[in-house]
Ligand SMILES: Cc1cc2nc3c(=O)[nH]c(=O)nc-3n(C[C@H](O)[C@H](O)[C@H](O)COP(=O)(O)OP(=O)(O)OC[C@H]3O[C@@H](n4cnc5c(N)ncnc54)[C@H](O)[C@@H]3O)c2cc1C
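What follows is a single chain, given as structure tokens, in the form predicted on its own.
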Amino acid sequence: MFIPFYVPSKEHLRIIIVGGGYSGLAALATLREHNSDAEIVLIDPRADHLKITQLHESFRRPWTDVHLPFRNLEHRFGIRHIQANIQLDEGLLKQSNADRVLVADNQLLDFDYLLIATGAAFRKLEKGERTLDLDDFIAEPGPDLLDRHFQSGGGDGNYLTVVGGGATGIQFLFEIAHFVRERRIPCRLRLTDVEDAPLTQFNAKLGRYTEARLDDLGIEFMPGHFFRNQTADRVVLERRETGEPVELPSSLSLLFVGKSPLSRQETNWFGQVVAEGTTLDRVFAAGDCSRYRVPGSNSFSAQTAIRKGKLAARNILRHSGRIKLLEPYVHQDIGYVVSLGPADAVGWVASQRNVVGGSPAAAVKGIVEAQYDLLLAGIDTYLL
């Protein structure tokens, strides 16, 4: 595979990638595929790359399947990983673009190109002793978290409440449903959401399919309610229409309320950051932390993050070459599949009106995940 309009110069490139998520690693793999000599530094506060779209599968797969140590990537791609957290604002980016220097872990790092791929933080609700959110499942395997809860007395004929009917909440809910059934844990499940149906960001058929599966598994659905609090044995909700409080039995609440970035880096059509009205030619952004100029997709999805990362990497290489003819971002999502447990899923492919469910949808999701694993192994099967 080659990059059109990329004519390498003799310059030895020094590239810094801030963020080791889907977008950052897609950029890393693309850069290394087309430039074996570039000096690449990856900065991320974690020790591992997390396959966040597969995290719910930790209820039935080894924890190591969704965690890839950055030290493995250092050896595989010939890069350097610095475990550090960097706060970047427009002023700092403008200064870094001018000086081509970034400070990380008390080190001065010179660069030719800087790629920001830090992702988007999710909204956080106040947590109590019997409340968990995505951070907890990132830090510890889901089975361990729930086993500890059940051993402490929770779940004895009581409810677990999942808050959030988006893709993340739905995927965790169905995995937990199969987990408690296989373990014969006497625990009932409830889903609550402020919306009137699950998966409202998609075609309504996805929500109807999901509700049918909730009924099949005996999972209670409470639409049109805000989450307010979780006590030792009760969850406190609030009716959206009236503001009336509702208390229901619940020994644990799991909060999955979606992504809500505090800020996103604005870019031009090519992924170059636009800060305070100025285009930074040596600073690119990709992934959930970026908002590319339309017509390309800016959805919070792994496929969009991967496509942004690959495009930013290609344009970094083009800009470093002799022609400097950059590629505009025009990617549109070609599908989205939500897992409903080990052998079921629902989503759309090619067109949002083309809804697929059951084992065919689960097979599609498996293929997409395998494609990303191949990319991290150094085999790029993405057409664009």
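In this text, all values refer to a predicted model and were calculated from it rather than measured experimentally. One-based numbering along the sequence shown.
Heads up, the form predicted together with the named molecule isn't pictured, but that's what we're talking about next.
Given the stretches 348-356, 48-56, 27-35, 319-327, which is the single one in contact with the named molecule in the predicted complex, using a heavy atom cutoff of 4.5 Å? Result of the contact check: 48-56.
With the partner absent here, would Asn229, Val257 and Gly341 each sit within 4.5 Å of the named molecule in the predicted complex, counting heavy atoms only? No, the whole trio is out of contact, none within 4.5 Å by any heavy atom.
Could you work out which of Gln151, Gln87, Gln107, Thr242 is the residue within 4.5 angstroms of the named molecule in the predicted complex, going by heavy atoms? Going through each option in turn, the one that passes is Gln87.
Candidate from Leu13, Leu376, Val18, Val364 lying within 4.5 Å of the named molecule in the predicted complex - any heavy atom: Checked against the cut-off, the match is Val18.
The named molecule contact in the predicted complex: Asp193, any heavy atom under 4.5 Å: Because no heavy atom of Asp193 falls inside 4.5 Å of the named molecule in the predicted complex, the answer is no.
Please determine whether Gly166 contacts the named molecule in the predicted complex, using a 4.5 Å cut-off between heavy atoms. Residue-level check for Gly166: no, no contact with the named molecule.
Contact with the named molecule in the predicted complex for Thr131, defined as at least one heavy atom pair within 4.5 Å: yes or no? Result no; Thr131 lies far from the named molecule in the predicted complex.
At the 4.5 Å heavy atom threshold, is Thr118 in contact with the named molecule in the predicted complex? Contact check for Thr118: yes, within 4.5 Å of the named molecule in the predicted complex.
Residues from 169-192 in contact with the named molecule (non-hydrogen atom within 4.5 Å) in the predicted complex: Heavy-atom contacts within 4.5 Å come from Gln171, Phe172.
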